[in-house]
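So this first bit is one chain, no partners, the form predicted alone, shown in structure tokens.
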Amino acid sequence: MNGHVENPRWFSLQDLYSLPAVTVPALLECAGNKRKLFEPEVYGEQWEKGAISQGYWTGVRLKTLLEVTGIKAGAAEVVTEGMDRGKKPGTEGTVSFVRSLPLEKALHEDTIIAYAHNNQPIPFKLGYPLRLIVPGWYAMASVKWLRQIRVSEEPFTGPFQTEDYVYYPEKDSDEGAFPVTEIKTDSSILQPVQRDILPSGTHTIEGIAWSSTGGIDRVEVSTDGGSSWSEAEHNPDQEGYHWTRWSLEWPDVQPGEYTILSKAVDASGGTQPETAFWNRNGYGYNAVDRVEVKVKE
């Protein structure tokens, strides 16, 4: 821990283990989750609905480490660097994965330096031995394989902060660009699946819904392409920042082709839009979810 602090110091794993531990239930969603669904199409990893997971993260509050080292007046951001590095198109040499958080988010009670996931050491692919966990923000903020933390007086301008993980609303221009931060309110239909063929009769539509806070007020489902909506059953008391599961009984379904839609509304009133906010890097897709099925006798 260094930079704009009173007492720069190294923290060993044993140091972290000796500090008060906290566990945060949190999901991690890739900013490019559902990128394949954008229209017109965008470049990048063509994720469908699978770039999301959740678990219980245990570690030390970043706030605790910042209090130990002492933040000097005038601090603006906390910069975190991972051990991973490589070549990036348009950049000379190799670059490390480095990002920053505004001071307010770095000091949030739920922003932690995690050393355990689901009561076990963090798996290597998830960031062993240490990972920054920033609940409520897309997963690029939760830097893996954490090696260094620096307090900065100036806004950080590294390529993974000001070039990647930025919303670019224009196809051929950087005009109107702004950073990717909080997870958008979203839902996914998990059953039935796209282009499923179902027998006639009664079925259960199931899915998940989530937001930057984890607080989902309701989930609405349509089985007629949006002409009418019904409120699904869901658990309003899901843990922490986890998703909530929802379900709706679909009775006496007759043969035909159907478009099923799901729309989540969070506790603050934020809702999924009918059309996702298009941006050329394909981040933050959260349009009303859609599944088309056929029912046969």
Ligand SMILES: Nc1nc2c(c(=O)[nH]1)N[C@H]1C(S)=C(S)[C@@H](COP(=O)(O)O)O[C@H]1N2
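Bear in mind that the values here come from a model prediction, so they are computed numbers and not experimental data. Throughout, we count residues from 1 along the sequence that is shown.
Quick note: we don't show the form predicted together with this ligand, though the next part is all about it.
State the residue from V60, L28, I260, A232 whose non-hydrogen atoms include one within 4.5 Å of this ligand in the predicted bound form. Flagged contact: L28.
Using a 4.5 Å cut on heavy atoms, which of V180, V79, V134, M140 is close to this ligand in the predicted bound form? By the 4.5 Å criterion, the partner-contacting residue is M140.
Heavy atoms within 4.5 Å of this ligand in the predicted bound form: which of the stretches 188 to 196, 202 to 210, 123 to 131, 168 to 176 has them? Flagged stretch: 123 to 131.
Contact test in the predicted bound form: K105 vs this ligand, heavy atoms, 4.5 Å: Judged by the heavy-atom cut-off of 4.5 Å, K105 is well away from this ligand in the predicted bound form.
In the predicted bound form, F156 touching this ligand (heavy atom, 4.5 Å): Heavy-atom contact with this ligand at 4.5 Å: absent for F156.
Might R218 be said to contact this ligand in the predicted bound form, defining contact as any heavy atom within 4.5 Å? Residue-level check for R218: no, no contact with this ligand.
Check R150 for me: does it contact this ligand in the predicted bound form (non-hydrogen atoms, 4.5 angstroms)? Because no heavy atom of R150 falls inside 4.5 Å of this ligand in the predicted bound form, the answer is no.
Does anything in 278 to 297 come within 4.5 Å of this ligand in the predicted bound form by heavy atoms, and if so which residues, in order? Not one residue comes within 4.5 Å of the partner.
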